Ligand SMILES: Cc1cc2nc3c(=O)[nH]c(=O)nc-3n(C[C@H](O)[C@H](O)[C@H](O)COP(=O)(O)OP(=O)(O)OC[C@H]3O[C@@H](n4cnc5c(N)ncnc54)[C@H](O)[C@@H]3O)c2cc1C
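Listed next as structure tokens is one chain, alone, in the form predicted alone.
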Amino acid sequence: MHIVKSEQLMPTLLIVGGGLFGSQAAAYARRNGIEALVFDAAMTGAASPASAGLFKEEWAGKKLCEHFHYALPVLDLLYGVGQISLRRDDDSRESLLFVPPRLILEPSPIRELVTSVGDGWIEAGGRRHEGWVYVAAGVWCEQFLAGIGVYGKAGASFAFQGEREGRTRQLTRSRQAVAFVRDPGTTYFSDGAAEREYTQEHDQQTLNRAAEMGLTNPIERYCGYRPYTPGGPLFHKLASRTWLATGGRKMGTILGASYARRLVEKELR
């Protein structure tokens, strides 16, 4: 097996997974002068492309509030944090912070499946790469750290032709439907569905809710499995030069930035 070693004094950061967690770690590492390589085999069910990119401090709650404030400077530095104003059914407005996933996700990851991970090395495409290792593989993290209990909850979001006014509708205490321009030329819709057993009926429910906001005939469907871990989000040092993070749930943008900052500023120094 061919071994690829970094020629630099500072090791290369090898990232397993090009979703919100992995992409932000790569971007923040590069911002701090660290070379980063992102390996992502484009697995079916990756959650990040389906995410809305919306967040607010209230959603973080007391448990994740520290992550929220730790993450904001990173997000603003790397991408710029925007604001979206959504109209409620009673014509009042809700303002949310926004970073489009298309700005975050690694544009050209190495499309090779990582088959093995060790202390300061990974194997992918029949080669061993050496450096620092950050496993950010979402629901696939279990294969690299058995027993963490990570599982996925599936959901689907849709894109519709044209740009419509942003709207929001509260569905339950912790869940809302949103329609807004996530990407130019289209209107994105999500009702926050996250199910262990996802069926076509859930898709139809989401489309029915979209139709209630005047959105019909979707042009694209996004579907993925959000990673959940017992006890909440996980950042774990596996070995002296290897770390793993997963369990972003619905807070992947915030937690991805928070963990990227922790990794680069505290672990790699």
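Note that this is a predicted model, so its numbers are computed, not measured. Throughout, we count residues from 1 along the sequence that is shown.
The next section is about a form of this same protein that is not shown, the form predicted in complex with the ligand.
You can rule out all but one of 125 to 133, 85 to 93, 150 to 158, 163 to 171: in the predicted bound form, only 150 to 158 has residues with a heavy atom within 4.5 Å of the ligand. Annotation: in the predicted bound form, residues 43, 113 and 252 each come within 4.5 Å of the ligand through at least one heavy atom. Within 4.5 Å of some heavy atom of the ligand in the predicted bound form lies at least one heavy atom of residue 224. The closest non-hydrogen atom of residue 140 lies within 4.5 Å of the ligand in the predicted bound form.
The ligand in the predicted bound form comes within 4.5 Å of a heavy atom belonging to residue 47. Of the heavy atoms in residue 190, some are within 4.5 Å of the ligand in the predicted bound form. Taking the ligand as positioned in the predicted bound form, the residues of 10 to 39 that bring a heavy atom within 4.5 Å of it are, in sequence order, 16, 17, 18, 19, 20, 21, 22, 39.
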